[in-house]
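Single chain ahead, by itself, as structure tokens, in the form predicted alone.
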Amino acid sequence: MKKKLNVGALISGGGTNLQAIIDACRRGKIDAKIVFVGSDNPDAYGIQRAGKYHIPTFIVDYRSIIRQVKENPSALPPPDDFDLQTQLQKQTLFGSDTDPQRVRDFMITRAIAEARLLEEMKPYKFDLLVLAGFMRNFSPYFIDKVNTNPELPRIMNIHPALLPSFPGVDGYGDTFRYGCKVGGCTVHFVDYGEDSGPIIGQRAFKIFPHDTIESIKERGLKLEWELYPECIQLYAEGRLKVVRKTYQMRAGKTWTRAVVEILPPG
């Protein structure tokens, strides 16, 4: 009998994508089992969803941790294996024009919270970590602890826009306000930037003159609930591989990009 993929999930809110994944697992559409659900938000309704199916849950209250560090930096020191300079060199969340102190504060507070997150996740033997509406960017500290094989990352995210357009927290809203005639959603692996990792799958829909932000969100969510389980199943089947491709540009310049290859079945 084929071993099921052990999936961990992180959420911040209602957990509708989490519910779609749970349902797909229960119906046999994904050869997977959800082994934990964690959240940065104590009030996340998705935690209650997980409880209905007896899935283990935990909370790492990011907001409280960040507040404590700001009030008394020595009260919650960074983890022993945290090196600030290494994190600053690796991260691509912030540009060179960002206040350096803001970047340092982010890397330190996130590493402290992420160390707690890793400790909570440690008892569970998971193969894949899915972000189902987890509204926190990870630092390289966390990503490097989870991703150990460059050809097969272990952190997957879904984003409410057709990346690389409109990264960030309001993909559908940005799509609508820009006047796009097509919207969509993207599943991708997580890297050191914001919604910049290799793309696994996408779905698109038309935007009509009578549409509102609410109507395109509704349409997009329905596609998310289909797309995310499909991408997780590809992972479960061992059909995803990340490769680095180099493209020849004009004037002799080259451009290198990590790309997901979807392998044939079997």
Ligand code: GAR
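All residue numbers refer to positions in the sequence shown, first residue = 1. What you are looking at is a predicted structure, and each value in this text was computed from that prediction instead of being measured.
Below, we refer to the form predicted together with the named molecule, which is not included among the displayed structures.
Using a 4.5 angstroms limit between non-hydrogen atoms, Val169 touches the named molecule in the predicted complex.
Interface membership of Ala113, defined by any non-hydrogen atom within 4.5 Å of the named molecule in the predicted complex, is ruled out. The named molecule in the predicted complex is not approached by Val190, whose heavy atoms all lie more than 4.5 angstroms from it. Looking at Pro78, you'd find every heavy atom of it more than 4.5 angstroms from the named molecule in the predicted complex. Only one segment in the set 119-127, 86-94, 153-161, 173-181 has any non-hydrogen atom within 4.5 angstroms of the named molecule in the predicted complex, and it is 153-161. Contact residues in stretch 215-232 (any heavy atom within 4.5 Å of the named molecule, taken in the predicted complex) are Leu221, Glu224.
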